[in-house]
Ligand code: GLA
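Take a look at this single chain in structure tokens; it is the form predicted alone.
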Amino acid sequence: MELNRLQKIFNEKHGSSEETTLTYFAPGRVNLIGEHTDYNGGYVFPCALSFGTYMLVRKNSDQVIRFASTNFDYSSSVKLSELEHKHDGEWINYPLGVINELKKKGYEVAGMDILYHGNIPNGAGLSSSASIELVTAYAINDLYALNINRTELALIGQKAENEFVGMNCGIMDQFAVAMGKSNTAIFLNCDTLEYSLVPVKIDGYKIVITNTNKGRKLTDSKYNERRGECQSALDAINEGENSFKNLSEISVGQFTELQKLIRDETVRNRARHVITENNRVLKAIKALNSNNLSQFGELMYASHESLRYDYEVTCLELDTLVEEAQKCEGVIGSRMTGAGFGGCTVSIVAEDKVDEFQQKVGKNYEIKTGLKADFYIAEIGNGVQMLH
């Protein structure tokens, strides 16, 4: 949607004012490899996307924050004295959680009129939640000259989602939205927050995201359960003489010896995924840096298999998309991306085979699942920013 059209909608919802309206943008993200490792202190490799969430905002003198969206019917005026009150199951809990977190940290925020417009497909697992959190945090930081750095903004977004929304996510999504750079992916250590930007050199190929369009609600999924299982695995390993801070500190070789300490087979499988996935990220970075795209693709497939059998966060729809992608000529690799249980796959496809890929995968997916898949050709964009 054009920005002048958004400005018109903003004025329709909030009325006119002499105050200046500013526009900000935060991207969605796709993770190329390194899934369910972030809350285990591991490595991830996400990149920011060219689509995301727009936020138009201006100050008001009414001691309220007015929230509106082009994507949802629900809107609300929240008094500054009532920022800590949740709105049952509504989208505004994401920005409200951020503003409440800023308030708890001692930052002064006054009345505002806000309009959000997102072009990230809802429920696709491309981080629409982190996008709205970071565009809110960044805009308020800029609007009130709070001088909060991008890393801290990402942490504020994560804390808002953990404590206000109730989704026990790791730091990856917010960090990728905050730190993304065009044509690079972020190699991030989620324990230390050390990171490097790695050029994504895939000349002749495209990153294709495929949406299962399977409905899900993430906070009601088994995401938090998996996090608990990982903690159980770590506790079992540390019952002896070990004192690992998180599962990702453990190497594949060490796990061969330590896995016998985990008596529950399911919990053992969860740990195996995290530890082997962490290793796959390291191998994937090395493969990309040495222009070995075929190895990168093999690691993507191996990641999906691990997520399917050891971590059990895939589903018929995700598995079908990967299986169909694997049959297509010109596909280097494919895997689920995001939390799972629905959402999207990410595939690396030869540029001249993208149309054929969409046609074949789309047709066979609908036959097998009864659902229509959506395809997005991913352009790697910049992180959160002010537009004007």
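Being a predicted model, the structure only gives us computed values, none of them experimental. The first residue of the shown sequence is 1; numbering continues from there.
One more form of this protein should be noted, the form predicted in complex with alpha-D-galactopyranose (GLA), which is absent from this view; the next part is about it.
When contacts are judged by a 4.5 Å heavy atom cut-off, residue 223 counts as touching alpha-D-galactopyranose (GLA) in the model of the complex.
When alpha-D-galactopyranose (GLA) is considered in the model of the complex, residue 38 lines it closely, a heavy atom lying within 4.5 Å. At a distance threshold of 4.5 angstroms between non-hydrogen atoms, residue 27 is out of contact with alpha-D-galactopyranose (GLA) in the model of the complex. Although the partner is absent here, residue 172 sits close enough that one of its heavy atoms falls within 4.5 Å of alpha-D-galactopyranose (GLA) in the model of the complex.
Taking 339, 68, 331, 65 one by one, only a single residue has any non-hydrogen atom within 4.5 Å of alpha-D-galactopyranose (GLA) in the model of the complex, and it is 339.
Looking at 255-263, 172-180, 283-291, 206-214, the stretch with residues near alpha-D-galactopyranose (GLA) in the model of the complex, meaning non-hydrogen atoms within 4.5 angstroms, turns out to be 172-180.
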